[in-house]
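Presented as structure tokens, the chain that follows is alone, the form predicted on its own.
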């Protein structure tokens, strides 16, 4: 996915999460493209991805509508993802890391450190962090050798904001978002350490906690509270 498209996708996700685009609201390519100052193409591609993620639905033959969901729905979906990824991490720790898996995880952690080394975050970093983050999570899931866990995660990924690909970065407060990404990177390092030491229970608990960063640590990072409608 092109960098430009990824940034548009991230911005639309943040607009939905912040309530700027309300549940049930109908979306059209041209007005949203004009609002974001981009062409229709990245918006069109973003709509397709957001439909796959369960954030948009097609109410008819034309156009999209924001799926109705609540913060509680997101919380539940993230808890499920954390539980499933936790199982994958525990299994991997207990069976031991092979050299290929170890190198992939080390490379993801190294790439994360390199990206954050400059001490701040810019919009161009969003796609790179997403690639690093997805690689880290998918390596653990794939190396756990559990088809049931992998299939359950794939099904859960179709719920709003449940997928590890559903990166939410508020580009208006990148300094605060940088703190969130720093914390996520520290968690990656901790998970890798637990996996190397064969600490299955610790690896599982760390992955469960890791899935909750987006919702539970907004105050700590100085991020504005999300404004998803709780009454749905």
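Note that the coordinates shown come from a computational prediction; the quantities given were computed from them, not determined experimentally. Numbering follows the first chain given and starts at 1. Whichever C-alpha set is largest while still superposing within 1.5 Å between the two forms counts as the rigid core.
Although not depicted, the form predicted in complex with another copy of the chain is the subject of the following passage.
S.K.: Hey, in the model of the complex, does residue 49 get a heavy atom within 4.5 angstroms of another copy of the chain?
M.R.: The answer is yes: residue 49 has a heavy atom within 4.5 Å of another copy of the chain.
S.K.: According to a 4.5 angstroms non-hydrogen atom cut-off, is residue 80 in contact with another copy of the chain in the model of the complex?
M.R.: Residue-level check for residue 80: yes, a contact with another copy of the chain.
S.K.: Any of the heavy atoms of residue 67 lying within 4.5 Å of another copy of the chain in the model of the complex?
M.R.: Close contact exists here: in the model of the complex, residue 67 approaches another copy of the chain to within 4.5 Å, heavy atoms only.
S.K.: Please check if residue 104 has a heavy atom lying within 4.5 Å of any heavy atom of another copy of the chain in the model of the complex.
M.R.: No, residue 104 sits far enough from another copy of the chain in the model of the complex that none of its heavy atoms falls within 4.5 Å.
S.K.: Every residue in 11, 123 and 209 with a non-hydrogen atom within 4.5 Å of another copy of the chain in the model of the complex?
M.R.: No: no residue has a heavy atom within 4.5 Å of the partner.
S.K.: Work out which of the listed stretches, 82-90, 111-119, 125-133, 96-104, brings a heavy atom within 4.5 angstroms of another copy of the chain in the model of the complex.
M.R.: Of the options, only 82-90 has residues within 4.5 Å of the partner.
S.K.: Name the single residue among 62, 35, 197, 44 that comes within 4.5 Å of another copy of the chain in the model of the complex, judging by heavy atoms.
M.R.: Here the answer is residue option 44.
S.K.: For the stretch 135-150, return the residues whose heavy atoms include at least one within 4.5 Å of another copy of the chain in the model of the complex, in the order they occur.
M.R.: Heavy-atom contacts to another copy of the chain in the model of the complex: 145, 146, 147, 148, 149.
S.K.: Is residue 202 displaced by at least 2 Å at its C-alpha between the shown form and the other one when the rigid core is overlaid?
M.R.: No: residue 202 shifts by under 2 Å between the shown form and the other one.
S.K.: Given a change of 3 Å or more, say if the Cα atoms of residue 48 and residue 149 sit closer or farther in the model of the complex than in this form.
M.R.: Relative to this form, closer in the model of the complex.
S.K.: Once you account for a change of 3 Å or more, let me know if residue 44 and residue 125 sit closer or farther in the model of the complex, using their C-alpha atoms.
M.R.: Result: farther.
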